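In structure tokens, the next block holds one chain alone, the form predicted on its own.
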């Protein structure tokens, strides 16, 4: 019986490897497991998605992929067991497993028929491989002296080896994508408006504080892509259309030739819990968005800009936010280098003061002016807010939660943010004591987070440290606790520390 289970698993592995290889030659996002996993991410309602993000964080997509892989393995084992007595039925189950990938591809908007080919091929290869293995197994069972037993072992080893080579080859092809070469060969232009050199006093004088500028490798990544889109800049173009008089398209080279601005902006994910990690600050280089799209002659009744990624993700940005003078860029650079592929190469959106799910589309492909009544974007169709300004927030970062510190004078430090409004004050409370005003580090503009610190005479025992911030308009961060869904978390961040 075990031999038939192994036959089912080996057939599934061979099928998936074949599908992976075809996808690598065609489009990595069409790989069978990736297609099913992407669709599985799209199906659950918003509360389930939010639970997954809060429970698993940036590992949520990996967890979904593992669950899908385990499900495929179980079905493959079942197919092998069924094929023991009914080879064709077992092969049919293997084929149906592949067709699940086809159906998942059909459910994904914008992929087209090409997305179905790798999964269909995987199902066919798995079905044929299982049927042939079972026929060999049946022959050796009826005639132990039959030389085909040796053929079976050689054949199984050959199938496993071919599957392994296909898998390795597919991943090598994906890792050596044209996008990687394109990014390495890209040269960023000098900005027309250069951001000032950051003063040393943007960094709070507290040991252990994170850097004011988040390194690219440490910058949070939240998106719906199971496989990171690989876009060759020379083949990239951006279409501006919808409710406009003069739709047009720009290429990457045309975009690079336009006047560029450089500015510091902090991005925040709406899924960020109070004190959470989904926030980062970077220096962005890009073309101002509004002056570019305004050339299309926008219908004054349009109130929403739908931005679409190459993988079909959509975000709906309020047109009013683009008109009000805030920083809005088609960004091509991040911290002095071309956008990392994980963060949207070749072009992404960066709009100050709005949560990323309505403003920060990566791997940008098109911009369409429409109305909220006519069209819903990916997350807003799942119940998230259409108007999502970043809420005032702050968090304690030094000392670390549940850390042990020595009695006496010590520093409490952290960051606060209210993008496009700025931070005017931060206060800290120890236990139930009075709120104390904190020192504020410098900032280059109101679109970045602001570091703060205050000295504390720590006394032995457990203590609770909490913080609240006041934005540049004089509005203090609310104490009311709310979950991220549907428009951002609220409440005061607090930590516990032990002094001894």
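Note that the coordinates shown come from a computational prediction; the quantities given were computed from them, not determined experimentally. Numbering follows the first chain given and starts at 1.
Note that the form predicted in complex with a small molecule isn't included here; everything after this is about it.
Among 97, 129, 360, 265, the residue placing a heavy atom within 4.5 Å of the small molecule in the predicted complex is 360. Checking 394, 317, 309, 328 against the small molecule in the predicted complex, a heavy atom within 4.5 Å turns up for just one residue: 309. Residues placing heavy atoms within 4.5 Å of the small molecule in the predicted complex fall in a single listed stretch, namely 309-317, out of 248-256, 309-317, 410-418, 182-190. Remark: all three candidate residues (223, 348 and 356) come within 4.5 Å of the small molecule in the predicted complex, counting heavy atoms only. Not displayed here, the small molecule is approached by residue 219 to within 4.5 Å at the level of heavy atoms in the predicted complex. Although the partner is absent from this view, residue 84 stays clear of the small molecule in the predicted complex, with no non-hydrogen atom inside 4.5 angstroms. The closest non-hydrogen atom of residue 269 lies within 4.5 Å of the small molecule in the predicted complex.
Taking non-hydrogen atoms only, residue 382 never approaches the small molecule to within 4.5 angstroms in the predicted complex.
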